[in-house]
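Presented below, as structure tokens, is a lone chain in the form predicted on its own.
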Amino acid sequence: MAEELKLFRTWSSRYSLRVVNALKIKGLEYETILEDLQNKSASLLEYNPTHKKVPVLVHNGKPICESLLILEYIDETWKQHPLLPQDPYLKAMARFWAKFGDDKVLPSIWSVFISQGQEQEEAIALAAGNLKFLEELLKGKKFFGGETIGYLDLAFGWMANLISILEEIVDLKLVDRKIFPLLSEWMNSFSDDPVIKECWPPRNKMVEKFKAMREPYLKELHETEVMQFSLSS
């Protein structure tokens, strides 16, 4: 009996892309179900009733939610091309840094994107401090996983695409090659990997999407400035 493997995702979700990349690296065939998060399918709500979010991987009728947990499930279920280290300590460290990426790195970079002026300068300093940790992690390695793409590379993979998109929109350089040479090289190596490269969403659509996402934040900042000026007049 053939295995059933379905992935519920959206076209642009950075979390879903982790799973797409892992499945491609493992050489697994699967069915893609693209979701509209403004009109979620009954199947998505059935498989992830708690958070009602993507990605959801369904393996022989059993749903697995949350991208990092899905990566571990894939790695434990299909042993070819291991993603996580076998050493317990290294495995724990990979999980630690993956959580650091989601909890610290991503929010700090997002803050740069949605702020301006002094607030943005402070956000840039915070983001740079977080990125320095990743620069250190890459010393002596091509990828976070060593010589090949692994779990931590997939966890950080959004940076190789999204950072340059956000930099283009706000017209600043957050990951400067002079300051972050190893991280810059990793971003190029990861994004140009043949398996990874074919999975990136269309860049022009991503730019349009994130410009639209930024507008409400800029509008709120402008309205706050106008109110503050009025009060001080």
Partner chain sequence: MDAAKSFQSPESLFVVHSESARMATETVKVLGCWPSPYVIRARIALNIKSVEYEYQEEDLLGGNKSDLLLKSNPVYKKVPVLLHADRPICESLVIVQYVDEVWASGPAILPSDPYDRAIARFWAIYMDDKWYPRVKEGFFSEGEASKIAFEEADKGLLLLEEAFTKCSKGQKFFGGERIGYLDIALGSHLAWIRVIEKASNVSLIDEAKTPNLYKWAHDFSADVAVKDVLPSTDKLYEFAKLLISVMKGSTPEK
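Residue numbers count along the first chain shown, from 1. Small disclaimer: the values here were computed from a predicted structure and weren't measured.
A second form of this protein, the form predicted together with its partner chain, is not displayed here; the remarks below concern that form.
Within 4.5 Å of its partner chain in the predicted bound form, a heavy atom is found for none of Trp110, Glu135 and Glu220. Per the 4.5 Å heavy atom criterion, its partner chain in the predicted bound form is contacted by stretch 89 to 97, the sole one of 89 to 97, 120 to 128, 140 to 148, 158 to 166. In the predicted bound form, none of the heavy atoms of Val207 sits within 4.5 Å of a heavy atom of its partner chain.
At a distance threshold of 4.5 angstroms between non-hydrogen atoms, Leu174 is out of contact with its partner chain in the predicted bound form. Glu66 belongs to the set of residues with a heavy atom inside 4.5 Å of its partner chain in the predicted bound form. Although the partner is absent from this view, Asn60 contacts its partner chain in the predicted bound form, with a non-hydrogen atom inside 4.5 angstroms.
Along 64 to 86, residues Ile64, Cys65, Glu66, Leu69, Glu72, Tyr73, Glu76, Thr77, Lys79, Gln80, Gln86 each place a heavy atom within 4.5 Å of its partner chain in the predicted bound form.
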